[in-house]
Ligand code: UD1
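Heads up, the chain below is alone and in the form predicted alone; it's given as structure tokens.
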Amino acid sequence: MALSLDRLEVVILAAGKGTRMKSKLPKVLHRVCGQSLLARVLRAASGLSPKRIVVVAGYEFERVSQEVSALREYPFLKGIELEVVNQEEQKGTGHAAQVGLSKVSEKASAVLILPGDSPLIREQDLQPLLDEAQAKTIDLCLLSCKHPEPSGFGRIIRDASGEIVGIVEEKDCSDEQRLVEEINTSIYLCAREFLQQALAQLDTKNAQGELYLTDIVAHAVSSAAPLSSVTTEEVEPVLGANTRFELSKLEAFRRAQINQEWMEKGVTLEDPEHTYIDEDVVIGEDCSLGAGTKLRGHTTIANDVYVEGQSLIIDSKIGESSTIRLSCEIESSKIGDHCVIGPFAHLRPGSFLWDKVKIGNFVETKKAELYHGVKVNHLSYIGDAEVGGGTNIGAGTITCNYDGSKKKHKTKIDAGCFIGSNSALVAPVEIGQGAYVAAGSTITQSVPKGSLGVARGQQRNIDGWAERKKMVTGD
């Protein structure tokens, strides 16, 4: 029965609602630095190259399944069988493990059980369990942690010789046992056959009336099955998140690590405590991030980029030597090299800026491609549009892309055009190469190449009007 690593499979326990989160969202779908708790645990497990990972879901099963489906496409899960199983009736961690084991392959030689709510767990925290299994003949190896504040955790109980004799949950601890600082992390590496036998022996004779997974340790002791442990003194990687406050503490811890890693790689952070960089963000050398910068999702920042601060950049690419000025929001967009954006600009999804594009203050773009050297300096909206290189768009210009009947239309502006201030381009419309649009025009028909489009009411001046108004009103 001894534990062999010939075929390692993993069971992740992710069925709980997380009542103390006070949320309709399943606990494992809450996020730390841009990744769900479940995604982070899956990433750690995948580093051990298991053949299969079984996720035990329960509360909001469909939402958890959707998250797993989305994660299947990530490179770190390539080649790993991934399955979700429903724990329809939740009767404790032991029952969840029984449900998970039902989907573990008969060929599995070892099963690693992980909690789904430990977002900072890493491959390097789990590898020592595998090393221990290779070095010794054992059926079960558990990961424990020396915690200076063990309240709330199950305690590892040892005899006078230091051998593990059991795990006691906090609610079942005696006063003496509560003084123990070695806690259970709920992480176990088991021989498959041993785990199957141990789970079959579980009962509900405890304070909560549930099947405790921790009782597999007591089974190992009573049956004289070879048992070992690995103890870590790094607390944060093995902690779970049961409340939003605990989640925020883990987020702050990981965020500080991420920020330090980027600074060590040559990125300047004006105020590291108030800079937010998600796990999958990539940043080049000699970049500078101002206070309040938030880089979310799969954002990529090239070399020598300057972000002034208070900006939010989500799932976007920023080209080399570009500047993002104060308080910009950029989402699912691509910005070329040597561009200047903002301040107070909003690039909505589908914005594609070529090199040396200038987007000024209070400019909004959406599904717009702006070619080399385009300038949109002030107070404009450019949506569902293609703007040719070298074009200048004056303040207050809008592309009227919506026709009021649920349809969006495209505006095309060719290279070298000049669009006067306060113009409205009513799509579908095309402005030909080198054409001009007079300020204040509402353009409803295409303007040919090299032409001037004028569409505004004729100005009329009324002589003496101001003086007559004074005589009538007394102003």
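Keep in mind it's a predicted model, so treat the numbers as computed, not measured. Just count from 1 along the sequence shown to find any residue number.
There is another form of this protein, the form predicted together with the named molecule, and it is not shown here; the text below is about that form.
The candidate spot formed by Asp117, Glu169 and Gly240 is fully in contact with the named molecule in the model of the complex: every one of the three has a heavy atom within 4.5 Å.
The single contact residue among Phe194, Tyr381, Tyr212, Trp262, judged by any heavy atom lying within 4.5 Å of the named molecule in the model of the complex, is Tyr212. Comment: the named molecule is not present in this chain, but in the model of the complex one of Ile53, Val28, Leu425, Ile431 has a heavy atom within 4.5 Å of it, namely Val28. Contact annotation for Gly453: none of its heavy atoms lies within 4.5 Å of the named molecule in the model of the complex.
The closest non-hydrogen atom of Ser228 lies beyond 4.5 Å of the named molecule in the model of the complex.
Contact between Val10 and the named molecule in the model of the complex is not found at the 4.5 Å heavy atom cutoff.
Mapping the unseen interface onto this chain, Gly319 falls outside it, with no heavy atom inside 4.5 Å of the named molecule in the model of the complex. Note that among 283-291, 251-259, 212-220, 76-84, the stretch whose heavy atoms approach the named molecule to within 4.5 Å in the model of the complex is 212-220.
Contact annotation for 74-95: residues with any non-hydrogen atom within 4.5 angstroms of the named molecule in the model of the complex are Gln87, Gln90, Lys91, Gly92, Thr93, listed in sequence order.
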